[in-house]
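Just one chain is shown here, as structure tokens, and it is the form predicted alone.
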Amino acid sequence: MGGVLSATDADVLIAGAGPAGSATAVHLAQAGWRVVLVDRAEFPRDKPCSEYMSPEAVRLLDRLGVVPDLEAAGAVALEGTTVIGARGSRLTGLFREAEPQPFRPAGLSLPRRILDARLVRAAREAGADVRERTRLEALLHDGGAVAGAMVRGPDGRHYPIRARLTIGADGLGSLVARRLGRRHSSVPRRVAFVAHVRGVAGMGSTAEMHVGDAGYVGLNRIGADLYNVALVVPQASAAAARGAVTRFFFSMLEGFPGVRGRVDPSRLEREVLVTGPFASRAGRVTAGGALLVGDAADFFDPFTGQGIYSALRGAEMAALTACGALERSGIASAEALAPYRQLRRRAFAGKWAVERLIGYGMHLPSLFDRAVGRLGRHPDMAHTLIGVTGDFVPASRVLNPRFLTRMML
């Protein structure tokens, strides 16, 4: 084990340099705070994800000034989503047809290794001290409040980073979240297997979601003839992949009629990555000296493709709260950070309800198929639903008796 270096002092320490952490760092550094951003990875790096950004996520990326670079790097326009039910029903929802109109008529898709690296660069450009290959090992405390963390640098040596506010943006397995309190899990508990494959046949300008009795598959173009292929199955089923992930992945894809024969194993471009289980949330998103953002705070299921939007929107709310809390001297108090919880509820309550409506609905394939069929025969309703999952149509347009009745009867 390496030695211990002298302490670093900062206003804010952020653990995790994915979209949530990097975006939070940009906002806080631009506001004039001393920010240290650490991540155990070296960027660019791959990340299992649907790699889908809704029009509203693109609006938030535009605020960060990175959209032109993402488009120059080959980001693909995404016009909406096509959903294929377990019994063959189908709907297609287009962002541009939904009301109210989105920021742009299409979302964007591109590999996370490009997106995340550009956001890390934006954090550096804003003035944040970004430290890659640096692992958070333990939280520091002062008078019962979080006061920074002990980290291990690229050379293996440990040193403390003392901070007035520590932000956990370290994903589903967040160490910060675990140290703040018990993490809660709920059903359905699913695991995702994600690969990049060339030459997926028959893809158009929308993402595809294929629902089956065994789970679901997402197909999404992320570059010139490059596709994100995501298989999501119950945690119990995922156990069969142990020791044979790639074989399990391609075998399971053949069980979905709308996917069968379209994904060629010989054209695998990147190894199959695994993430999950999902349906996980932190027991506490704020505490004295600390708060959580992104997947560290809450993640239910990737079907609606809202993870990147939630990370970016959460970053804005975290930064807003942090700026107010840091105006007071000393460690950010639990009381000063408490408004973040209310901001999250107001911003995400409808999204959480729609996520769960869809997630639980997939447990009843016949009922889910009926709903997809009804929506497919009423394009205005399909556009509305996809607009809600695209983050720019209010969830209340779906979560009301009239819409739900028309969807099922």
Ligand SMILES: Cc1cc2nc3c(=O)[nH]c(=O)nc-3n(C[C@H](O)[C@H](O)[C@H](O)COP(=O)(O)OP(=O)(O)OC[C@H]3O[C@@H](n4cnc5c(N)ncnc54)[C@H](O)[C@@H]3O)c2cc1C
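Residue indices: 1-based, along the sequence shown. Since the model is a prediction, treat every value here as computed from it, not as a measurement.
Not on display, but discussed next: the form predicted together with this ligand.
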Could you tell me if G387 has a non-hydrogen atom within 4.5 Å of this ligand in the model of the complex?
-> no
Is there a heavy atom of A192 no more than 4.5 Å from a heavy atom of this ligand in the model of the complex?
-> yes
With the partner left out of view, is V293 within 4.5 angstroms of this ligand in the model of the complex by any non-hydrogen atom?
-> yes
Find out whether any non-hydrogen atom of A17 is located within 4.5 angstroms of this ligand in the model of the complex, and reply yes or no.
-> yes
The stretch from 154-162, 241-249, 81-89, 132-140 that lies within 4.5 Å of this ligand in the model of the complex, judged by heavy atoms, is 132-140
Taking G171, F299 and A311 together, does each of them reach this ligand in the model of the complex with some heavy atom inside 4.5 Å?
-> yes
Heavy atom within 4.5 Å of this ligand in the model of the complex: which of M362, V38, L70, L64 fits that? Just give me the one.
-> V38
What residues of 34-54, in sequence order, lie within 4.5 Å of this ligand in the model of the complex by heavy atom?
-> V38, D39, R40, A41, F43, R45, K47, P48, C49, S50, E51, Y52
